[in-house]
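Only one chain is shown below, in structure tokens, and it's the form predicted alone.
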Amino acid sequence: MVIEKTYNIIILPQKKRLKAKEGENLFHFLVRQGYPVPSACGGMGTCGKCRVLLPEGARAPTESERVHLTEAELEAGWRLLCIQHIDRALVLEIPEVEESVRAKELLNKVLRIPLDSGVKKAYLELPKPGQEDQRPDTVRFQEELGEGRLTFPLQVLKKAPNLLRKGDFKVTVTWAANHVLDLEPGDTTRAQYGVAIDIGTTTLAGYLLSLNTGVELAVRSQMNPQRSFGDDVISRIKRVHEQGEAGLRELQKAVTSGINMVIKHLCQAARVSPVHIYKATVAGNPTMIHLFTGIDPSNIDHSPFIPVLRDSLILPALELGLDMNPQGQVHILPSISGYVGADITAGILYTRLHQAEGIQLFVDIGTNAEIVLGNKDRLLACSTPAGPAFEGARIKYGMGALPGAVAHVLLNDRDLKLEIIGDGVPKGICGSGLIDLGGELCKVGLINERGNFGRRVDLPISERIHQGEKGQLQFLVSDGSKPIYLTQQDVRELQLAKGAIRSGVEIALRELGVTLNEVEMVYLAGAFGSYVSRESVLRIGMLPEFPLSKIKPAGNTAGQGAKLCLLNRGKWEEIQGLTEQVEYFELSYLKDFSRVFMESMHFPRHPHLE
């Protein structure tokens, strides 16, 4: 019999003690334990995000660690988790991950819509059985409610006899579409809630609403725990390719645990019991929906990009492992294609693009940017791989929109002003800060059309351009105890991201056969779209030269659309039709896509510099 050797792993500052098998990779071990380890590469050793402090016993740094960590950090014991293999007892400290994502929490809006969630709740004082009334309990319910024939799940049937008799036949019944969801003693009709969930590749957002009043009671967002497996959908599908069913279960467990944490915080904030959440609506891109439901997404990442699921689903919460009423109904919104998902159908529903008279453009800015163009007569949609730069990944000093992130930048001849989330010490650059930096540096000519840094002798702020690694120029953003730079490679990542979006918009305009002037409204969707500077978006050429007055930040439209479907059955029916109304076209199949993309990577000329 072979006895596997194990070692104690102590996590600071909680002093939590874990047992790990000899030879295990420390990164993958901690991910399995439920730690939200930051990673853009899924533990491949290329992003440098999975930093860990080993107060004692740190081994000599590898070449990869020397690339991503400073000499001072290496000397202090900082290493990369994905490089470490367990061959001894370890004491380690993982930097705290800020779970609450500020941007999406601030974007809750009041929806004015007729309330018709489809969930009903009634208090009954049932006649007691006797010699003259020998009706079965289920028949007693049906006849008193007058709703016709009801179906009862086994779980509810099992508790009905004792609940009725102990409660003197005074009971509250909850049902939807003639299916009983729960029985409770006494009158609980006021406790009727629903949650709308937006599963983003990077962020999970949840909204708790009263189904009785439509009032939003709490909002919560946090990082998607799947980020530990990579920062984009391709890396997560790759995990399923490599690990098979085990990898699929691992990813499903990660996102489910994240959603349950969101629900827990929502319930705590509103002082609501999860058992009184009877309905959930879920939006997300196709890969996120597949992983959440445990459906294999393996055929989405290669041509012809075929998902298993397109249409909507209604499933019991128990089947998905969600912490709400076990018989509560989870409504999964429909998608359009393998890369245009339920987050976009929700966005179309919320902005009413499908009902517009004039031409409108919808751009959801994210790791995959989705573009919808048209009106009530015709809608075209495409998806373009913007990459994770706008989420702070693959940027040397990049981070999410968390406390300490540089969110906005203003630059003049001599200095620059930084807006920091939380007004604290700068820790890194988030997506909106990255676009501002690019826009401001382009405006004054310190970045040229091809994206190269260049000094100007007439601008004192040019002194912030220094020579960095391998002789490449970089711009000093903050010179505190931990200097923050915008590197030449960061600019390249910005060019790739903005070029992908610009090329998608240009081609959509061409495919629909409309000009720039014919577009009446441009919606920038997603929390990121609401916080980014419209001026900076135009300065870097992420969009064509639309007038500022036409560009409208639309907020988290996926969450807003999910809330509409939560509160109103008519909206749920309406969103079903979008799967047929929207025409999807695949950018990569177009012969000139590469040419348009390369041209779109260039920054615009600024006439005052010529």
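Predicted model, so just to flag it, every value in this text is computed and none were measured. Heads up: residue numbers just count along the shown sequence, starting at 1.
Just so it is clear, the following notes concern the form predicted together with another copy of the chain, a form of the same protein that is not shown.
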Heavy atoms within 4.5 Å of another copy of the chain in the predicted complex: which stretch among 418-426, 511-519, 156-164, 454-462?
156-164
Just to be sure I understand the contacts: of 414, 149, 352, 470, which is the one whose heavy atoms reach within 4.5 angstroms of another copy of the chain in the predicted complex?
149
Another copy of the chain: the contacting residue among 130, 358, 186, 480 in the predicted complex [heavy atom, 4.5 Å]:
130
Residue 295, heavy atom within 4.5 angstroms of another copy of the chain in the predicted complex
yes
Verify the contact flag for residue 136: yes if a non-hydrogen atom of it lies within 4.5 Å of a non-hydrogen atom of another copy of the chain in the predicted complex, no if not.
yes
Would you classify residue 177 as touching another copy of the chain in the predicted complex, given a 4.5 Å non-hydrogen atom cut-off?
no
Using heavy atoms and a 4.5 Å limit, would one call residue 307 a contact residue for another copy of the chain in the predicted complex?
yes
Need the contact residues for 386-415: heavy atom within 4.5 Å of another copy of the chain in the predicted complex, sequence order, or none if there are none.
none
